[in-house]
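One chain is shown next in structure tokens, namely the form predicted alone.
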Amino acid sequence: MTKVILTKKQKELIEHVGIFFEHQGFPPAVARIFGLLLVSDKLELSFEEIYSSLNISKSAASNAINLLLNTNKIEYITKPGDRKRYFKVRIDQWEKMIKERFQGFSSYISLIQEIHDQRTKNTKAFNSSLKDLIGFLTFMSTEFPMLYEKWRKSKK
């Protein structure tokens, strides 16, 4: 069985990353696999390397990898003459993913606005909180593109 050689610090970091992503809603195996792919010195890992390095079942690894693939967090490559798939983090896509997330704000803002408009007037504190949320999200959706451009210009 092929395991990835990891230092004690790398193993601890994978666990730390795993816990972080669990708090973001990822299942444990998904979080650990994502952590392994982020921390490993090898940029592309085979299915066997993943499940054996994390001591998880093939089924858990397969389900987790499929979720990561379906959410575009990872991708796979193949190598000539090798039937295996090698998985890697889509770190080069981070800008696109962040832009897409912020573009989704407008539909979320519309949904929250519709909820606000349909609420009874008898829940003033709740309605006020919804209005504040709408205001904040609207502010973020207009400010984010400017912040992004400012960051891009600062890199030059």
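If you superpose the two forms and keep the largest set of C-alpha atoms that fall within 1.5 Å, you have the rigid core. Everything numeric in this text was worked out from a predicted model, so none of it was measured. Numbers follow the displayed sequence, beginning with 1.
Another form, the form predicted together with another copy of the chain, is not on view; read the next lines as being about it.
Can you check whether residue 58 is within 4.5 Å of another copy of the chain in the predicted bound form, heavy atom basis?
-> Answer no; every heavy atom of residue 58 is more than 4.5 Å from another copy of the chain in the predicted bound form.
Does at least one non-hydrogen atom of residue 108 fall within 4.5 angstroms of another copy of the chain in the predicted bound form?
-> Answer yes; at least one heavy atom of residue 108 falls within 4.5 Å of another copy of the chain in the predicted bound form.
Taking heavy atoms and a 4.5 Å cut-off, does residue 39 contact another copy of the chain in the predicted bound form?
-> Taking the distances in the predicted bound form, the answer for residue 39 is yes, it comes within 4.5 Å of another copy of the chain.
Quick one: is residue 156 in contact with another copy of the chain in the predicted bound form, heavy atoms, 4.5 Å cut-off?
-> No.
Between 134-156 and another copy of the chain in the predicted bound form, list the residues on our side with a heavy atom within 4.5 Å.
-> Residues within 4.5 Å: 135, 136, 137, 139, 140, 143, 144, 147, 148, 150, 151, 155.
C-alpha of residue 122 off by 2 Å or more between this form and the one not shown on rigid core = Superposed on the core, residue 122 moves its C-alpha 2 Å or more between this form and the one not shown.
Relative to what we see here, could you say if residue 24 and residue 131 have their Cα atoms closer or farther apart in the predicted bound form, with a change of 3 Å or more?
-> So the answer is farther.
Sense of CA distance change between residue 103 and residue 23 in the predicted bound form, threshold 3 Å = Closer together, which means the C-alphas of residue 103 and residue 23 are at least 3 Å nearer in the predicted bound form.
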